[in-house]
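This document opens with one chain alone, in structure tokens, the form predicted on its own.
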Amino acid sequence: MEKQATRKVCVTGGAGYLGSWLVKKLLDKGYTVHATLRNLEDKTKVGLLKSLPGADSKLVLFQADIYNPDEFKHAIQGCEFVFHMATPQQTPGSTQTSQEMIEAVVSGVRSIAESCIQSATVKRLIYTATSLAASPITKDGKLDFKSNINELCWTPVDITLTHGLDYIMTYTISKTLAEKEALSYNDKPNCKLEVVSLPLGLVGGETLLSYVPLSVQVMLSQLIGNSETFKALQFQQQLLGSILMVHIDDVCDAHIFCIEKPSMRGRFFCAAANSTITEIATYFRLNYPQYQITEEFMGEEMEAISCDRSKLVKMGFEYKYDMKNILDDGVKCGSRLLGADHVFMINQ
């Protein structure tokens, strides 16, 4: 294999939770990294990336916004692989309409794929997808689940759920349509670009950021006693019949695994554990008895729908972290950044 020292890769959304961790791992492995940020004037984000080991000689930063997807072509030019992690921020207070966000996410994927093709250097595009786009709900939209969650499952975009917070629903629809758009390039005639999508479980573990990432907050919502983030946990269980989880370190290793294969394309689930809200709460109660989880955060008893994650494993990928590691590292992250007393004080 060609030495990593001469290989260039691009990471969109390089200052986010996943992006920053991936940039760090790529630099550690000797890759030259083009990372995009929405705003190069943001000293906190720029400072974080520039402080990474190897950044002074191996990292180039580019300004690019998903709402102006043509801006990414400069970062993509000359790269061999592209990791598309950038997505518009999904928060209750977002100023964009749901439709604007959905269109931005889908057109962003299309534009980035086209830039990869036009570059004449990019071999493979790795799209960071979400397991929320892979509901095993049967076609009629009722909450009847197939036997397991796998790469053939797609979330119906017209589904309505009782825990369907508008911004989470928008995120789910946008990511489902964008993943389909990305994978469609594998079927285009005479298109040499290989596209891999990695639908991720809920990502937990540590962070390079100075705040607790949203996915970790969702994972800890029962300990924190936060009803808003807990709704997101309920949403996932209602949509998937299970809470799928994966450690940030495994996520980034899986992304790098996907560029170090001579050839690879298609959809590969990336989740190391599947559980239920009740099982997670029970684990927290047993291992962190100092924190009180009230009954409203215990969830309803149910059997988790299993997740078939064999496709990536059969390619040779190995997960290092199980549910215990993922949850324990999430608690460490919350305690470190917010203080052990503060992070769970709502329940005291």
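Owing to the predicted nature of the structure, the values given are computational and were not obtained by experimental measurement. Just count from 1 along the sequence shown to find any residue number.
Omitted here: the form predicted together with a small molecule. The next part is about that form.
- This chain appears without its partner; in the predicted bound form, the one residue of 200, 233, 272, 153 with a heavy atom within 4.5 Å of the small molecule is 200.
- Distance criterion of 4.5 Å from any heavy atom to the small molecule in the predicted bound form singles out 87 from the list 217, 87, 115, 170.
- Heavy atoms of residue 18 reach within 4.5 Å of the small molecule in the predicted bound form, making it an interface residue.
- Within 4.5 Å of any heavy atom of the small molecule in the predicted bound form lies no heavy atom of residue 247.
- Residue 279 falls outside the set of residues with a heavy atom inside 4.5 Å of the small molecule in the predicted bound form.
- Proximity of residue 66 to the small molecule in the predicted bound form falls within the 4.5 Å heavy atom cutoff.
- Residue heavy atoms within 4.5 Å of the small molecule in the predicted bound form occur in exactly one stretch of 67-75, 256-264, 224-232, 179-187, and that stretch is 67-75.
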